[in-house]
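Read the single chain below, which is given as structure tokens and is the form predicted on its own.
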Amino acid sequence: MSQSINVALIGATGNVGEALVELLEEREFPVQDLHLLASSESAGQSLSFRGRQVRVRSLEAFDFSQVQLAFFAAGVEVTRACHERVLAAGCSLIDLSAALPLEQAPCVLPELGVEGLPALSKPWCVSAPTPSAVACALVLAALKPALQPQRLQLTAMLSISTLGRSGVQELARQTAELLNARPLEPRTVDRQVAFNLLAQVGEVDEQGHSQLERRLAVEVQQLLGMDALPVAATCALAPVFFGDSLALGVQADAEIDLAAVQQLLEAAQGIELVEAGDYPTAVGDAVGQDQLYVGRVRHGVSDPRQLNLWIASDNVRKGAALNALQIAELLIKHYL
């Protein structure tokens, strides 16, 4: 990637935005000019990049014809309001907000390589999958030689940073209130999340599914190229600042060879298999790391055609920022 490009980052002052800035520098991404953008309330702040302070500017007045690639790491409303203006300016777009339909902005999993790329034309528009979909699809893609999934059961215990910086602040404030015996006043969420576990993330539809659960199921299907694969997804909110924990159950049509599964996981890019008898945690293992951690690999209690395992991943760095940057690295190599 010797060609340098101009890059815009929308949502630069959020958790994912700051992680993206760090990774752009760490991975020596070929940035010529980096434009940090956010709402008018956040404009004026500065972030360090390659030894200098880059000032955050207002998104509203920015001319996207100045850049070739834009990362959208802000909220759903921001992406939906701005994406047409970005594409009309000839700027390609990677959406991290899950705002755009997958028919318009298909998901990409960089570990699948060029074979996993959809047919794209410039300016291209793709989605960085949600962090839980990244973790689930990465594991299942690695296990493809050993099993053919017939059904998936995924329970995702999501950290409060799923809700952005305001979620992190909410958990910190609630924790302080409880530890200091002050009355609890929920704000960002509708009830106590500190020292608690909330069985729902966001509003649910008439069938009882949240938008995040539906999006997670569809993204996994698309990434695996298995649109008819039944996926049962449950997302809960855990009192953890950063790092997601997932329980994944896979139903296959034949007995699963656990030794082959473990060998594939050990060899897979982006995966760290924890030795038998131990298990990974988000805080103790995954946070700050560029790989996800897998443990508790086992058959179902009474069915050798079932595979159960545990996944811990840094949702901000690995699941969102790094994945989006790897998508950009892959796409500019083949499309820019």
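All figures in this text were calculated on a predicted structure; none of them were measured in a lab. Throughout, we count residues from 1 along the sequence that is shown.
Keep in mind that the form predicted in complex with another copy of the chain is missing from the display, and what follows is about it.
(message) Within 4.5 angstroms, counting heavy atoms, which one of the listed stretches 141 to 149, 113 to 121, 247 to 255, 127 to 135 is next to another copy of the chain in the predicted complex?
(response) Only one stretch qualifies here: 247 to 255.
(request) Report yes if all three of A19, R85 and A99 come within 4.5 Å of another copy of the chain in the predicted complex by some heavy atom, otherwise no. (result) Checked in the predicted complex: no contact with another copy of the chain for any of the three.
(request) Sort through A38, A282, L34, L69 and report the residue having a heavy atom within 4.5 Å of another copy of the chain in the predicted complex. (result) Contact residue from the list: A282.
(request) May I ask you to choose, among A89, L264, A238, L163, the residue with a heavy atom within 4.5 Å of another copy of the chain in the predicted complex? (result) Contact residue from the list: A238.
(message) I'd like to check something about N196: if you look in the predicted complex, is any of its heavy atoms closer than or equal to 4.5 Å to a heavy atom of another copy of the chain?
(response) Yes - in the predicted complex, heavy atoms of N196 and another copy of the chain come within 4.5 Å of each other.
(request) Although another copy of the chain is absent from this view, report whether D303 comes within 4.5 Å of it in the predicted complex, heavy atoms only. (result) Contact check for D303: yes, within 4.5 Å of another copy of the chain in the predicted complex.
(request) Flag L229 as yes or no: does it have a non-hydrogen atom within 4.5 angstroms of any non-hydrogen atom of another copy of the chain in the predicted complex? (result) Output for L229 is yes: heavy atoms within 4.5 Å of another copy of the chain.
(request) Examine R191 and determine whether its closest non-hydrogen atom to another copy of the chain in the predicted complex is within 4.5 angstroms. (result) Because a heavy atom of R191 falls inside 4.5 Å of another copy of the chain in the predicted complex, the answer is yes.
(message) For the stretch 196 to 210, I need every residue with any heavy atom inside 4.5 Å of another copy of the chain in the predicted complex, listed N to C.
(response) Stretch hits, in order: N196, L197, L198, A199, Q200, V204, Q207, G208, H209, S210.
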